[in-house]
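As structure tokens, one chain now follows by itself in the form predicted alone.
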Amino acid sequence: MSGAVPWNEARAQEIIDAHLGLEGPALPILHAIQEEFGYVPEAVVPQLAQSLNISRAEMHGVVTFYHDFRHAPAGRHVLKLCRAESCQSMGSEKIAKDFLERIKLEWGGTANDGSLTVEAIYCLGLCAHSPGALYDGEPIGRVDAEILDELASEAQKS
């Protein structure tokens, strides 16, 4: 997630204002906030609620409903492992569990050196190449332990 800038309330308001004219602007704003800051800070929830004229509880519900919105900055690289049915049928749960144990992370966790964040995702549309993953936005099919270890090693080096 290199390129993300530190949280800035004024910049967040610029992003909100730029999207307010859209139909159903909440999700485009949240995506833009995450794109800018690397996550959706808790501080933006009341700001966004006020701008959209909805309650903080409603806005909090939207932010927490979608797994794609992070609540803390991600590592320099993000690995998303598919946990949908097709990937599960090809052993993804065991592959992911073993990988997370090897690198000593939980789902959604970031390595201590900030090199890698591992997140769950539910269907990448790579079912014919299950189990699937997404590494910094790049789809990877037929993921196995060796591939995951290579990705973790690559993340540490860059």
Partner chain sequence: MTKVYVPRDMAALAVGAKRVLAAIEKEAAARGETIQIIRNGSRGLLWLEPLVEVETPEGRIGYGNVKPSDVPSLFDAGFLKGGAHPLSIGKVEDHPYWAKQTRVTFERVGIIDPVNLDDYVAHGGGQGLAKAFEIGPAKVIEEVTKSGLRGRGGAGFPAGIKWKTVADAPADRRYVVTNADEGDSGTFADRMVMEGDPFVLIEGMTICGYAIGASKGFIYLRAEYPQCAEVLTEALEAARKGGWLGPNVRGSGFAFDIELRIGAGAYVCGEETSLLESLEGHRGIVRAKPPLPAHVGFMGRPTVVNNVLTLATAPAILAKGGEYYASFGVGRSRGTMPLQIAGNVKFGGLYETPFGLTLGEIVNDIGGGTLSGRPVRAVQCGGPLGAYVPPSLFDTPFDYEAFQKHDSLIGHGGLVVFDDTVDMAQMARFGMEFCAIESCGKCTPCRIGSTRGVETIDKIVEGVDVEANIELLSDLCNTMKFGSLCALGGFAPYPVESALRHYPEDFRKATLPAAAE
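Note that the coordinates shown come from a computational prediction; the quantities given were computed from them, not determined experimentally. Residue numbers count along the first chain shown, from 1.
Omitted from view is the form predicted together with the partner chain, to which the following refers.
Put simply, residue 103 is far from the partner chain in the model of the complex: not one heavy atom of it is within 4.5 Å. Although the partner is absent here, residue 16 is not a contact residue: none of its heavy atoms lies within 4.5 angstroms of the partner chain in the model of the complex. Residue contact with the partner chain in the model of the complex: residue 27 places a heavy atom within 4.5 Å of it. Although the partner is absent here, residue 23 is a contact residue: one of its heavy atoms lies within 4.5 angstroms of the partner chain in the model of the complex. Of the residues 98, 68, 42, 35, just one reaches the partner chain in the model of the complex with a heavy atom at 4.5 Å or closer; this is 68. Contact with the partner chain in the model of the complex holds for all three of 89, 121 and 127, each having a heavy atom within 4.5 Å. In the model of the complex, the residues of 127 to 158 lying within 4.5 Å of the partner chain by at least one heavy atom are, in order, 127, 128, 129, 134, 137, 138, 139, 140, 141, 142.
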